[in-house]
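Below are two forms of the same protein chain, given as structure tokens: structure 1, then structure 2.
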Structure 1
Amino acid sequence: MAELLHTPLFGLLLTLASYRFAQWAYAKSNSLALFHPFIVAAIPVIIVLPLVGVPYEEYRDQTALISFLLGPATVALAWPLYRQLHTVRSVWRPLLITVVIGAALASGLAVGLAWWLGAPETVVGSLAPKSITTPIAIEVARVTNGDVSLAAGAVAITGIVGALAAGPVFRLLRVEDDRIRGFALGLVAHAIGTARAFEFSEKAGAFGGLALGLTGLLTALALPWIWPWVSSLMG
């Protein structure tokens, strides 16, 4: 019997059941950012694995099928990007400038702060793509010699911090333009931020999705070229 724990069936069952439970809990909490499915879904897995004596590395192998789908999910981002490119023709120039500066800021601040506090290169490299949507971040983390599981965690926490901070920050800065709210959220806090933007309005959500796609694309294109230089600076 116990050998069943060491088959992909066990890992996949545990993962899907945890996710289903997390979706239910998120809906029950009225989409409270603290109850984001990423956080809640992780809890049963974190409890069950040590209990039944399955090491994390083995669980990761068991769920390789699920993680593989991150590739096609990244390709799939072309679809919402394409759909939204048409809706924002009139303001493409300020948006494009913001993406270039904003993506550099989001990544640069994460890298700079971690490096300044003495984190080793693997950790710094895992944080570089923290503001972009997970499937792309995972791929970029490989290029920056990061750790994919640390990168995935950093991305999720970034999204949750962004979604929680959005309300107070926009109130403080007196921002009522939904184009700004949505685009800033999508740029800094990727998919979780975009979901938060949809709570402001449909328009904010569309701008969030556009920012998410553009930021992910730009970071994925730029970091592999810039990283060797950053890495040599950290020496």
Structure 2
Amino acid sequence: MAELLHTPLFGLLLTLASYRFAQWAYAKSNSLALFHPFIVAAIPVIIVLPLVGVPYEEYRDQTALISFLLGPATVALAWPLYRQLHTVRSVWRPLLITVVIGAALASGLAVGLAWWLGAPETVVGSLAPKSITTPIAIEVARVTNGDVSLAAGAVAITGIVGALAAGPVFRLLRVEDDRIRGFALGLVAHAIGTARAFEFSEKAGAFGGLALGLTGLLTALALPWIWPWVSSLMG
């Protein structure tokens, strides 16, 4: 049994079982945002790893296959987007304007606030890609001299907060258009927000996937070019 703990099978089984438990808890809570599977699934892992003496670095290696599959899973979002292509074509101009302004604000506000509060450049560089999906954010954080682990944490927190806040914010602002709901979630809260958008409808999920891709692409292209100028301003 002890030998099983140090094989990829343990990490995969623990992850899948935790996610299945999280799905069950989410359904029992009537889809309450606080019980979103992304949040709840982490709890069994956090509890079990110290109990069985498996360090996080080993668990990360054990689940490398799941991390690898994140890429194809992201690409699969193209299918619902294809099914909504006729709708996207009718609003492509406002979508492009929104993604340019939204991506700039999502990154700029985090960088500006961290710099204003006196955070070190490593922290500021880690927060810059907080609103894009993790695989892209990690590469961007290396360009902005950020810490990869901190950047991944910032991405996760941004997604969780976005998913939790989406319902109350949409109700407060009376946003009932699934195109707007999905695009806002994908732009601000990346993959987690897109998963939340699919709970509204397939159309919302498709627009979330579109915003996720466009925001990641724009941020990955613009930040390496802009960052030397931002870094010089921070001194």
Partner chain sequence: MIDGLLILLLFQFLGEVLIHLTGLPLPAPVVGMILLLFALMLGAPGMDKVSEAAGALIRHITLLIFPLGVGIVLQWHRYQDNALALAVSVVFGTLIALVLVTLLLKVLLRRSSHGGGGGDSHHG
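Here, rigid core means the biggest group of C-alpha atoms that superpose within 1.5 Å across both forms. Residues are numbered by position in structure 1's sequence, first residue being 1. On a predicted model such as this, the values are computed, not experimentally measured, just so you know.
- One of the two isolated chains is the form predicted in complex with the partner chain, namely structure 1.
- Rigid-body analysis between structure 1 and structure 2: the smaller part rotates 13° against the larger, C-alpha superposition.
- At residue 44, the distance the Cα travels between structure 1 and structure 2 is 6.3 Å after the core is superposed.
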